[in-house]
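This document opens with one chain alone, in structure tokens, the form predicted on its own.
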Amino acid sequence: MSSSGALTGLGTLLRFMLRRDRIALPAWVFGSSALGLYFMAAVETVAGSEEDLTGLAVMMDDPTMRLLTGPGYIGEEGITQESFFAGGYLLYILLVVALMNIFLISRHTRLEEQTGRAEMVRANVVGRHATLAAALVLLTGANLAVGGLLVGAGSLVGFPTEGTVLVAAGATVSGLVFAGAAACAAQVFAFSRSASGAVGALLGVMFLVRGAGDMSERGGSWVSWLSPLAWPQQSAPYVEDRAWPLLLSLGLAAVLVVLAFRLSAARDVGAGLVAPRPGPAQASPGLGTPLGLAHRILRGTLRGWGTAILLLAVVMVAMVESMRESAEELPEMLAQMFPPEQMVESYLGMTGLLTALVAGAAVVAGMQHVLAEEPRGRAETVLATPVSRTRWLAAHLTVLLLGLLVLMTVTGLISGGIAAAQLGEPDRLLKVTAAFVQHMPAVLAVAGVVTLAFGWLPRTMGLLGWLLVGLGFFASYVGQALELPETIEALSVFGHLAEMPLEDFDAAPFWWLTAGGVLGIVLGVLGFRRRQVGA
């Protein structure tokens, strides 16, 4: 087939993808850009004076902080608000853009083949590479849109144009790199979760490689250059303003795209280059029970999100000694969040709250996997046996919530051990563990809302769940910086519990959130018993 014939139907498929993503794509694009705008605007709030910037420069020079943020370019004339934004926040814009590309490429390529829709489309006059090409064109446009909006955001807050263009270009080319990586993974693996998980794991490895290189010395070592996440940061926006590291990203993206098309031509439609691993000849006895089957369905979700919770907590708690030493040098805005005289308690409390937010996200993701059992036909097959709807749904909720409780407990114990060792205070072990575990009612409340939607309005479940988690993050962290009304924080289920270990345990919100979560689950189960499975 000629190259032009291989792309037959490209325009039609592109319009179809735009129609399917009329909500998801703008949400990703504007969400990524809004995050950049918020970071740019928050710098003025956090570091409004020279004294504040001096304190932040000391923090950025800490190796652990460079692990979390970047190589720490400041400039010979000292740190500025612009260089603090690029050094402290650019990495997280790159991560969000990378996730956008990973999820959307998998959605329009591997998931289409997995569900059989790609084969139906290919039965028409559609070229071999049209679907992959349309997905890459769509994401290229999305990455360019993010870059353009970031340039506009920089102009809005008055950042220098040259550095802002480098920030925007870095986000764009970094997105293209992970779009190419996701396109390759879609050819290798037979299932969308495997493909997305593989590239997500690659993203995590690249984060750690970049962090290891940036920790070793300011400006990054040769290890940093092994990670594509480091290249946009090595352009040093607002400091050195060098564009050539971005050419590495463009080159790698081009290589990955060419490789994806070649891999696509070497496999059958619907299959991956790596065949799925065959299961055991005989199923384990546990799969014959609702709990065993629920564990098999959700174990990947718990494993992935549990790793994220543990790594996040360990990295954050590893900085507790550095935070205590720099307590007197913090800017006024950060000093309000972490009072110097109670720095350790407030910082550990914030870490516990952040892990609870990730656990809430794990609840939403887990329930989405449960909901996906219906269109795939597996839920109906199980319910055709002597298994009631209540027992089926209760089994999944039990595995999900009990697994997260264990994860939060283990994470609290490990984090408490690290804090106790660094501070030389053995009693920190149980205090930090209690601070982590006492957030579980908020996670249970998220499960209640999500289960309620699952039972009565399943199509709204994902949207409501992610909005609830997003509101929790916004109210807990963004709201303080923007000095929003307390009513915003009151809407978040994560904002009512005591900030242990800074505050003493408060039983009233603990039990109210627990009761609300249980009530939502009960009502959700009642709704699931009444509605049609798969509808």
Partner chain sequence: MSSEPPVIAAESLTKRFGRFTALDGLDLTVAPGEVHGFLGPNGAGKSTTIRVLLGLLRADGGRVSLFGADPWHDAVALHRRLAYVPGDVELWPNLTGGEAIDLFLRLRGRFDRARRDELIERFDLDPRKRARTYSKGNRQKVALISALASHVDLLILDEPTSGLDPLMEAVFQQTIHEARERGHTVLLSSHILAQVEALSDRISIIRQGRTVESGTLEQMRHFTRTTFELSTDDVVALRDHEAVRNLRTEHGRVIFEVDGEQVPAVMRALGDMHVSAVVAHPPTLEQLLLRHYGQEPGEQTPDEAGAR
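Note that the coordinates shown come from a computational prediction; the quantities given were computed from them, not determined experimentally. Residue numbers count along the first chain shown, from 1.
Not on display, but discussed next: the form predicted in complex with its partner chain.
None of 250-258, 434-442, 296-304, 408-416 except one has non-hydrogen atoms within 4.5 angstroms of its partner chain in the model of the complex; the exception is 296-304. Interface residue remark: L383 is counted as part of the site for its partner chain in the model of the complex, having a heavy atom within 4.5 Å. Using a 4.5 Å cutoff between non-hydrogen atoms, G424 does not count as a contact of its partner chain in the model of the complex. Looking at E373, you'd find a heavy atom of it within 4.5 angstroms of its partner chain in the model of the complex.
Of the heavy atoms in L463, none are within 4.5 Å of its partner chain in the model of the complex. Checked against its partner chain in the model of the complex, the candidates V314, A283, A265, V137 yield a single residue with a heavy atom inside 4.5 Å, and that residue is A283. Only one of P458, G197, G127, P290 lies close to its partner chain in the model of the complex, with a heavy atom inside 4.5 Å, and it is P290. Contact residues in stretch 385-402 (any heavy atom within 4.5 Å of its partner chain, taken in the model of the complex) are T385, P386, V387, S388, R389.
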